[in-house]
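Taking the form predicted on its own, here's one chain by itself in structure tokens.
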């Protein structure tokens, strides 16, 4: 193994143009990835896209065919002594007790027996297995065996902890409990690990745990997208913002991200600008969809404007908003109601609010404001903060845009506005 001196202020890990081939089969091609200290990053992607291969390359267990792996700014070859892996299978020595399985890793560090015994006992307690030190793997449940794997990995005090689907072999309740314990250890900084890189097929698991999700594609394995998760811990899987992030990852994995981005406005945001929201009141969306539904799902725009009491030009922002929300599509001078729009037209007020909430959280501007409020200690932020932050994007239209955001957020019951304090706040 060769590990050059670290470079100050360099990323903890950096992959540059990493490729891996087995004969004519290309497992990975031109992978670029950076991991900073303090990050918990999840790798998701279809089976066979090279996630586990990438993990083994990072740990130094598998050599690259091309490219370089840098650790703390310096390239390395061979096994990285600052990295440990927990595999999806328990990989314990069945003839050794819990304490002896952990001691194996400590013995490899060259520690004396007394120090090893004390440290192994401390680690077993850290992962919640106090009282089971003398038990053999066959006497433990799946979740308990995986805890032993965590303790053994932590015994080498890795700066980088790599997890290869560590919860996939467990039942749902055991996986949930162990996932919570790992997150608690990480957030409380109860372990020496500087960063965690985890492979998972479970999108909700990734959104629940990660600071950043790296999405991979296959044929050959490559990184296709990255998504930063700004929701504060603990994260609620039933929260609308949580579900919106799950949807975004799923859309990327299934190849639907581009059309969704174009429809919801993220495509322009990726180019450096946030698209302006149509300045309309969402209460008007009910009348629009109901009228088109009564017209067999397709209405001529001039006739629709007249039915709603609008000038044709004044109807256009409402039509634009209906397209953004995925409720309708303008087509050859008509407005055609889509399935989601039909559902909205026939729904009660609370279901309408929930549908709107799920859709508008896909809009970059509203998602950004919602996540800012989520991460604020008081979940209240002065309106002037958002005005100043967005002035370079919207110029003289900034106040109109903020007013529209407030109106949409209040309708969807995502966030409210306190006129007395001039603050936006998160709805309970």
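Note that the rigid core is defined as the largest set of C-alphas that superpose within 1.5 Å between two forms. Everything quoted here is computed from the prediction, not taken from an experiment. Residue numbers count along the first chain shown, from 1.
This protein has a second form, the form predicted together with a small molecule, left out of what is shown; the following refers to that one.
With the small molecule omitted here, the record of contacts in the model of the complex names 53-61 of 34-42, 378-386, 359-367, 53-61, defined by a heavy atom within 4.5 Å. Within this chain, residue 47 lines the site of the small molecule in the model of the complex, having a heavy atom no more than 4.5 Å away. At the 4.5 Å threshold, heavy atoms of residue 390 stay clear of the small molecule in the model of the complex, well away from it. Using a 4.5 angstroms limit between non-hydrogen atoms, residue 27 touches the small molecule in the model of the complex. After superposing the rigid core, the Cα of residue 362 is displaced by 2 Å or more between this form and the one not shown. Look at residue 362 and residue 38: in the model of the complex their Cα atoms move 3 Å or more farther apart than in this form. A shift of at least 3 angstroms brings the Cα atoms of residue 217 and residue 362 nearer to each other in the model of the complex than in the displayed structure.
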